[in-house]
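Here's a solo chain for you in structure tokens, the form predicted on its own.
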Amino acid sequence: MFDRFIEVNSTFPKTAHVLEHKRQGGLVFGWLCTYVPEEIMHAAGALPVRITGHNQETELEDGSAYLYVNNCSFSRSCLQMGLRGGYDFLDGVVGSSTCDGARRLFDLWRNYIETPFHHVLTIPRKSTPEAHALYYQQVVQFKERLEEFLGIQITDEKLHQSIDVYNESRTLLKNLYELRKLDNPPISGAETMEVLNASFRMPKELFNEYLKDLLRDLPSSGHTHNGLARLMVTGSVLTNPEFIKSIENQGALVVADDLCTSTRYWSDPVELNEDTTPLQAISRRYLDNFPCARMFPSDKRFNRILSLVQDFKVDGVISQIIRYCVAYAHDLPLLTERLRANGIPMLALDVEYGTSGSGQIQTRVQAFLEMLGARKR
């Protein structure tokens, strides 16, 4: 049931879907952050794909030559793939000012990699009326620059169609996560990450069809999982299913997550009504979506994490933070305190992007699971 998703991920970035789209004369735009509105690129007729780094932890000679090593390994891994031609099919790159690592990655990409279109959005750190007005102007400017570059008009009708496609994808992913609430879910955490990775690496329309097939087949598949403890994973960007698998191989079951490559990516729909234009609705959704650790105040994010803990019957939380990921590192003590106050233990892991779970990590996870087991007895 998962072969089609795994095939997409194993051949990324140059998947058959991307190459076929290019062969037919289509445009492909890369995006670097979940605060970049995909619907606008989609409405312009482009295929949006998420720029990520190497599938596994690797040496980053080129990335570290251009970015100081005190930038996170995610930024350096993305840059290295770009410098070595992994993303030479891109017609545009769209970034955002969400953190220093992402901003410097965009600057270097624009300077050293010959992608025809570049644009960066300024992202406020709050959801106040003033912040929404600022971000809306950023979204309008992005749309206008795309129109100028492509020589087209992105109509409200096209935006409505793209919103429908992306909202359908969000609904389908929500339905997939509902299955993870079961005592013996038919899908593991590692398998879920394969699905999530494919969601931003192929045409959304086709992904939606794949996911509909999976949702139809899973309940009757006899495919079930259980574990010594139900875990949630939070923290920095994560795209390697092998990391989740290394946790589940020790007897745990990862049933929930708070990641920009998972729940925070799909959680909230674009809400249309008669009083707003499609562009206003898109702008509001992206700034009000399940917040990143960079957003202030932190309570909105913490409250949503606690809701996930309750809804998915989570026994413990594993925080995996990429070294030099400032936003999540500074956020960790506050989140740990909030979870502790609600009786939820946390294990904090310091990792590099792409890690599959070293022996040291596995030892610490095993000890964490033993502690959770003792709490249940």
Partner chain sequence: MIHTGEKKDKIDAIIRACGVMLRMNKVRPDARESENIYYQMLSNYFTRLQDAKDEGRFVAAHTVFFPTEILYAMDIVPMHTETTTWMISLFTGECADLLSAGTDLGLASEICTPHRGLAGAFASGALPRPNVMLWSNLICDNTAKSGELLMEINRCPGFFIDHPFQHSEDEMKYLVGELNSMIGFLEEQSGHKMNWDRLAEIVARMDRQIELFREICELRKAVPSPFHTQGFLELLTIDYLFPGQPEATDYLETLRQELADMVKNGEGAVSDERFRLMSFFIPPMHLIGFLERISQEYGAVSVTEPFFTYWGEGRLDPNRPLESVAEKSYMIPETRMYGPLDDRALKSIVDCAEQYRVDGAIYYADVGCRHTCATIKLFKDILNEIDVPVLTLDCDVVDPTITSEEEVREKLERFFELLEDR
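Numbering follows the first chain given and starts at 1. These figures come from a predicted structure and were not determined experimentally.
Although it is not shown, the form predicted in complex with the partner chain is what the next lines describe.
A.B. asks: Using a 4.5 Å heavy atom cut-off, which residue among Ala131, Leu182, Leu215, Ile113 comes into contact with the partner chain in the model of the complex?
C.D. replies: That would be Ala131.
A.B. asks: I need the one stretch from 116-124, 153-161, 183-191, 206-214 whose residues put non-hydrogen atoms within 4.5 angstroms of the partner chain in the model of the complex.
C.D. replies: Heavy atoms within 4.5 Å of the partner chain in the model of the complex occur in 116-124.
A.B. asks: The partner chain is absent from this chain, but in the model of the complex, do Arg4, Leu27 and Phe200 each have a non-hydrogen atom within 4.5 Å of it?
C.D. replies: No, none of Arg4, Leu27 and Phe200 comes within 4.5 Å of the partner chain in the model of the complex.
A.B. asks: Examine Asn70 and determine whether its closest non-hydrogen atom to the partner chain in the model of the complex is within 4.5 angstroms.
C.D. replies: Taking the distances in the model of the complex, the answer for Asn70 is yes, it comes within 4.5 Å of the partner chain.
A.B. asks: With a 4.5 Å heavy atom cut-off, would you call Phe312 a contact of the partner chain in the model of the complex?
C.D. replies: Taking the distances in the model of the complex, the answer for Phe312 is no, it never comes within 4.5 Å of the partner chain.
A.B. asks: Verify the contact flag for Phe296: yes if a non-hydrogen atom of it lies within 4.5 Å of a non-hydrogen atom of the partner chain in the model of the complex, no if not.
C.D. replies: Contact with the partner chain, yes.
A.B. asks: Is Glu59 close enough to touch the partner chain in the model of the complex, meaning at least one heavy atom pair within 4.5 Å?
C.D. replies: No.
A.B. asks: Do any residues of 81-108 have a non-hydrogen atom within 4.5 angstroms of the partner chain in the model of the complex? If so, which ones, in sequence order?
C.D. replies: Stretch hits, in order: Ser97, Thr98, Cys99, Asp100, Gly101, Arg103, Arg104, Asp107, Leu108.
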